[in-house]
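In structure tokens, one chain follows: the form predicted alone.
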Amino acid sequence: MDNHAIECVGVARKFGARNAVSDLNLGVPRGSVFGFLGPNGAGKTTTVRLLVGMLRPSAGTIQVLGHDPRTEGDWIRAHAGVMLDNVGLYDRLSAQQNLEFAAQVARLSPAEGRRRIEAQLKRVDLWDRRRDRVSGFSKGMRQKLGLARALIAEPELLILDEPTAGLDPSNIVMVRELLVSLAEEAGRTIFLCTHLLAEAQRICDQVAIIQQGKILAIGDPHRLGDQGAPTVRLTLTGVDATAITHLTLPDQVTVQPISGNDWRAVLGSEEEVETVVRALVEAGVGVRAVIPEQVSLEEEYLRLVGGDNHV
């Protein structure tokens, strides 16, 4: 537990007869960036609301920074930086006034509050708009202000639900770099719900894929696809498609066309590469290149949840 900023054991949450979250088990190491991925309605936002004490679990236990959200939700929300899917800003106030209120809730001195407000507004590129009412802000600007508010208390843990929603590509890069620097420089833990799979693979130490309230996979985003069958890309010459179909190969091995001279071998194990190459050569097929393929996070996500689902 001491090594985890968040720990969930057997957590479930029902809404009537519907299971929004079922048997959720995960541990988020301190100082890591943890990505939480899944289609709309998968249970991501429900999980976030359970973590911050806005919902009570129907079963199981949760610890956030060593505290139980069921009884210490106020403490968690005061000590963790939280940005929900609904940012919840005060539209009649300016950007600066919104952060002044957050600084008061965090019990910062006026001088320290001013220092942090200026730093965070500059960090998210809103300093020049600090006196403007939030009612006139675009969704992307509201997202950035919500992130600045979550950082005011300089928390040990950030819980962020879609922080890049509504941002243009340049601002997505800015937020990504900010999250990396926060994790690396200050040792903060970041629990990140995101719909950007490439971004998750780039910045997260671990990811979990959730669908219909259940975790389908959890692990290193660069190796999550390793649970499937290993594959290699082959560049061949003198290919006779008929000869390929009559290769003598182990039952679990297949060789499939990609385009032109490129083919893909799906293996039962990495050791079977030599068997495939030998069979090709014996069939009179020239093998110019054999390149191991790494399954991307996006490919593994689509394999697990299906191609018609979106995060």
Partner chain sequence: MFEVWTMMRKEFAELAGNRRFFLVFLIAVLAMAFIPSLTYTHHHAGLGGIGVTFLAFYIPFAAVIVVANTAPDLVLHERVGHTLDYLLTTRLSDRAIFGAKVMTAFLVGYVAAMLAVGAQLLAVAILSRNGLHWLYLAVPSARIIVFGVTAGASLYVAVVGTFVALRVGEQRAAYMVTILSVFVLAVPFIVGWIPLSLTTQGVGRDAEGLAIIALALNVIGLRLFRRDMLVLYLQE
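None of these values were measured; they are calculated from a predicted model. Positions refer to the first chain, counted from 1.
Keep in mind that the form predicted together with the partner chain is not shown, yet the notes after this line are about it.
For the three marked residues, His67, Arg116 and Arg123, no heavy atom of any sits within 4.5 Å of the partner chain in the predicted complex. The partner chain is not shown here, but in the predicted complex it comes within 4.5 Å of a heavy atom of Ala78. At least one heavy atom of Arg49 is located within 4.5 Å of the partner chain in the predicted complex.
Val134 falls outside the set of residues with a heavy atom inside 4.5 Å of the partner chain in the predicted complex.
Heavy atoms of Leu89 reach within 4.5 Å of the partner chain in the predicted complex, making it an interface residue. Distance criterion of 4.5 Å from any heavy atom to the partner chain in the predicted complex singles out Leu55 from the list Leu55, Ala243, Leu26, Ala279. Proximity to the partner chain in the predicted complex, defined as a heavy atom within 4.5 Å, singles out one entry of Val180, Val173, Ala198, Val105, which is Val105. Listed stretches are 93 to 101, 161 to 169, 213 to 221, 231 to 239; the contact stretch with the partner chain in the predicted complex is 93 to 101, by a heavy atom cutoff of 4.5 Å. Shown here without the partner chain, the chain has Arg13, Phe15 in 9 to 27 lying with a heavy atom within 4.5 Å of that partner in the predicted complex.
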